[in-house]
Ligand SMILES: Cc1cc2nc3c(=O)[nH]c(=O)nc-3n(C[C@H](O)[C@H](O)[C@H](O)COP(=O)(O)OP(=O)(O)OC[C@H]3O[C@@H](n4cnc5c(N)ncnc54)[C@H](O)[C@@H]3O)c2cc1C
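Shown here is one chain on its own, the form predicted alone, set out as structure tokens.
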């Protein structure tokens, strides 16, 4: 039995948990991190080699100053890790002129004074021969966008946390927790611990760990695919951006990246996956219809990318009803902070979520308005 009282116990060491452990440990706090698997791993949301980072945020303009700080912190982490974590490729949000991607991205850029270009379908085709948007589509291009190598980002956060004396326990699950006299007491599969604060960053596993507050979460099965392009010269990172394409004014959106992975181009559908009650019920097999749903859109919008399928994985989104983040204290226990889920668009923010969490758990005022992420909105 462990007798030390930690300052913070972090449950879940994926994107958000690894960043939180890093920021907390670097502030001199004693930190215990627990993960039932070995992060980075394939049993959560932070899996699949790459994630997009973009600034003209169509989901809500309030995210923009937060992601701007995330860029700074990714640069800092990359300098520590001495390995590339970010590639700037630019990104295109493509869709109907009145659609969510174009309208939302342009509104976000204007509200926050961000540089951007508004391109016609013909201009997109001329500049990026690998893309074939419909003639009635438009695109918002932002040059600062790019991609993050997500597994390496998690490894870097965990490495720096460990260097600052965070105790990181893998293959160790939380069994139960309670608060007694203002002290968190938890039982794991291996030991018993105490702490002043408890942080849940467990993503798709959150509902099972917090049954007392009945969070309105849905776990969405997501497929990520890698194809060998028919014309790889069109999809090199020096001449091809990240992209997201809105078809028929609604999700799922096709998204993808240039070739940064041994001759393969990654593409997937954003939302539209099978919904599940929890992470344990997600179908982990890839089926022909999963591939066909992506191929149909590839053949329509990126025909030269629609080559041989060479790799596929299943990951998860954990969605709130409004698809905004959940970042708030437990309604009955001020010692407990919840910092997930992120509805499929959170990874890019994880560096700054770690900083925000460290502020909240040390009674400092975060630099950002977090009202959008409060629990009482449900």
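Positions refer to the first chain, counted from 1. Here the structure is a predicted model, which is why all the values come from computation and not from measurement.
What comes next is about the form predicted together with this ligand, which is not displayed.
Just one of 103, 224, 185, 276 has a heavy atom within 4.5 Å of this ligand in the model of the complex. Which one? None of the other options qualify; the answer is 224.
Could you work out which of 327, 70, 34, 56 is the residue within 4.5 angstroms of this ligand in the model of the complex, going by heavy atoms? In short, 34.
Does this ligand come within 4.5 Å of any heavy atom of residue 52 in the model of the complex? Residue 52: contacts this ligand in the model of the complex.
Determine whether any heavy atom of residue 121 comes within 4.5 Å of a heavy atom of this ligand in the model of the complex, and answer yes or no. Residue 121: no contact with this ligand in the model of the complex.
Contact flag, residue 9 vs this ligand in the model of the complex, heavy atom cut 4.5 Å: Contact check for residue 9: no, nothing within 4.5 Å of this ligand in the model of the complex.
Residue contact check: residue 172 to this ligand in the model of the complex, 4.5 Å heavy atom: Because a heavy atom of residue 172 falls inside 4.5 Å of this ligand in the model of the complex, the answer is yes.
Tell me, please, which stretch of 137-145, 293-301, 204-212, 104-112 lies within 4.5 angstroms of this ligand in the model of the complex when heavy atoms are compared? Going through the listed ranges, the match is 204-212.
Residues of stretch 20-46 in contact with this ligand in the model of the complex (4.5 Å, non-hydrogen atom): The stretch touches the partner through 34, 35, 36, 37, 39, 41, 44, 45, 46.
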